[in-house]
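What follows is one chain in structure tokens, specifically the form predicted on its own.
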Amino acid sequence: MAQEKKKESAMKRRWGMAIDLDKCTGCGQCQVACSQENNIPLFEDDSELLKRVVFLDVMKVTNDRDRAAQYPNVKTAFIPKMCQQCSGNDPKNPKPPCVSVCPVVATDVGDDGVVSQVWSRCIGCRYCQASCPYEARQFNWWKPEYEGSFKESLNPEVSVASRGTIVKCTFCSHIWKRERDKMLARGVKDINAVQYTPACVSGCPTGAMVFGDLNDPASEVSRLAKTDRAFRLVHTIDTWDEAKKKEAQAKKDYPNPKVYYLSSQQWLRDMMRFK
């Protein structure tokens, strides 16, 4: 029994996310929460579009690719898109496409599977941006500017990215570190016991976003990822049979993201797979 508990505590976290697109209303609260938490400047209108940098973008899509989709059959959906936290073919030895090309190790994969980004180390070569299959990395062409009193509410736990650096979603890993320090102060040294919630998940008013440990079969995110409604963004290899999948993986690494989307709408599922 003691050995089983020791083995269980030694199991590392593998943070992942599930987003129910049938619940998402496109309100943008997740994006605002993300920007506020990570010191991303907010602009009132699109006049500053070139300076706009976001970790999380809410895309609006419709079924207009279907010729039969005419009024009143036109449907709309919203897709929150952030870093998909790729793990490559082997989750135990993750090789995201962005990490393999960084010449200064400004991005790496932690023990919890989160793909980090240290913008103070970034030299702005943008190799990672070019290799990212989900366009989840942003380049700071301009020095961040904060309007009004926004600067007074900057998060001291997140450094402000300077001009000429790449930034991206890190699943708010600084919140995990904050919760870890609180537990250490209470004498709890098992970091696998640390639980936290990213800003976007906390800010979602409809409960469309779920965050948790994919390695824990009892977690809500793990359960949702295994349902028939779950799929991943532009990852058609998931629908192939095992023989074909192994043959393809022997030739190259696939993203294998840890962000799962859910929907009961077939047109949306087909669009997300580029079918």
Partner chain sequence: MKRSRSLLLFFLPFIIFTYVSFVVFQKACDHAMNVQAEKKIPFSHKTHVEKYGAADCETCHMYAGNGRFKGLPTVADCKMCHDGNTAKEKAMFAGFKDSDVPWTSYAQQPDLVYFSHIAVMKNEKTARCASCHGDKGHSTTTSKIKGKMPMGQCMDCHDALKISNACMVCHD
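Positions refer to the first chain, counted from 1. Note that this is a predicted model, so its numbers are computed, not measured.
Omitted here: the form predicted together with its partner chain. The next part is about that form.
Select, from the options 110-118, 87-95, 198-206, 70-78, the stretch whose residues sit within 4.5 angstroms of its partner chain in the predicted complex by heavy atom distance.
Only one stretch qualifies here: 110-118.
In the predicted complex, does every one of E157, V160 and H174 come within 4.5 Å of its partner chain, counting any heavy atom?
Yes, the whole trio is in contact, each within 4.5 Å by some heavy atom.
Counting only non-hydrogen atoms and a 4.5 angstroms cut-off, does A193 reach its partner chain in the predicted complex?
It does not: once its partner chain is placed as it appears in the predicted complex, A193 has no heavy atom within 4.5 Å of it.
Is there a heavy atom of K151 no more than 4.5 Å from a heavy atom of its partner chain in the predicted complex?
So K151 does not count as contacting its partner chain.
D181: heavy atom within 4.5 Å of its partner chain in the predicted complex?
Yes.
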